[in-house]
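Next up is one chain by itself, shown in structure tokens, the form predicted on its own.
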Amino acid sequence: MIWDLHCHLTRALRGETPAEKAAHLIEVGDRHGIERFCVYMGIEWKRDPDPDNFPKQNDDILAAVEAHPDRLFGFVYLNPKHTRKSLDELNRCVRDGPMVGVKLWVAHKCAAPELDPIVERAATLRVPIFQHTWIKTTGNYPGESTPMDLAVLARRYPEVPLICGHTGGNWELAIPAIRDHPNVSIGLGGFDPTAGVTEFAARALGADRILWGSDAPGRSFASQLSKVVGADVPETDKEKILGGNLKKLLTPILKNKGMEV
């Protein structure tokens, strides 16, 4: 069982509509044995979307999930700078809609208190929060979070499931930064398939806190799968990382929605 934590519906995919682009994503994913795809953000991305933009991006994901309900899970894209609209979107897309998680990108650092209402609302809905993180040698975007920022948020909300997206890019610094926060898992998608990352993470965190994702179509399924398939870890750990852990993480919200998988 392979479940992909991290996918997008960008212009790189064939088709014009969200449903058509999702069909292309699924077609290519089928060649790699991927059963489920978590998708977030719309066809046209903005780093700091205004209150009129990120609901439109979520509309793209809703349309894709409606067209492919047996293959896609949607995460709602929010901007913590706009608290009221973000809470409204959480209600529209998760409480009253089919989405099963939260996606935060680079608009605002996740250590900031502006995230608190969003995190608290996500907790009541029992959904995980995927936070993009990166450690750039050349410097991050003004609102871009690091794994160290995510550790600050994790200390405030130790019971809320958080995902360290991209494993911070620089995984050798990211994994130690979040190691002492058991509510934080790492997302393996969207950075170079360097040998040793999965082994290092398994030793430091345990296999239960590692989630496989691709960041397709920005990264290929094959290159990202190699991080796990080629890792020197037990086969039982590979099964957890490739899908079992994500299924377990999403089980509370899937049960709430009466969704069987």
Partner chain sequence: MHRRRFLQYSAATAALCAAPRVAIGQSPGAPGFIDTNVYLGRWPFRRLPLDAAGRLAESLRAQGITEAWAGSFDALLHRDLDAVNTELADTCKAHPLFHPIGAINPKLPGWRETLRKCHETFDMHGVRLHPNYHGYTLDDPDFTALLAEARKRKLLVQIAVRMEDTRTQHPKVAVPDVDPAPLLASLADLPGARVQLLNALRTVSNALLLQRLGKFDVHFEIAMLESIEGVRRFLDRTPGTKLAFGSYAPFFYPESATLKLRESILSEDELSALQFKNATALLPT
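In this text the structure is predicted, and so the values were computed from the model without any measurement. Positions refer to the first chain, counted from 1.
One more form of this protein exists, namely the form predicted together with its partner chain; it is left out here, but the text below deals with it.
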Using heavy atoms and a 4.5 Å limit, would one call L254 a contact residue for its partner chain in the model of the complex? no
Within a 4.5 Å heavy atom cut-off, is H32 in contact with its partner chain in the model of the complex? yes
Given that its partner chain is not shown alongside this chain, does E20 nevertheless sit within 4.5 Å of it in the model of the complex, heavy atom to heavy atom? no
My question is simply whether G143 lines the interface with its partner chain in the model of the complex - judged by any non-hydrogen atom within 4.5 Å. no
Are all three of W45, N79 and T124 close to its partner chain in the model of the complex, meaning a heavy atom of each within 4.5 Å? no
Candidate stretches 150 to 158, 95 to 103, 169 to 177, 116 to 124 - the one whose heavy atoms come within 4.5 Å of its partner chain in the model of the complex: 169 to 177
Exactly one of M41, L62, L205, V197 has a non-hydrogen atom within 4.5 Å of its partner chain in the model of the complex; which residue is it? V197
Could you list the residues in 115 to 139 that come within 4.5 Å of its partner chain in the model of the complex, counting only heavy atoms and keeping sequence order? W134, I135, K136, T137, T138
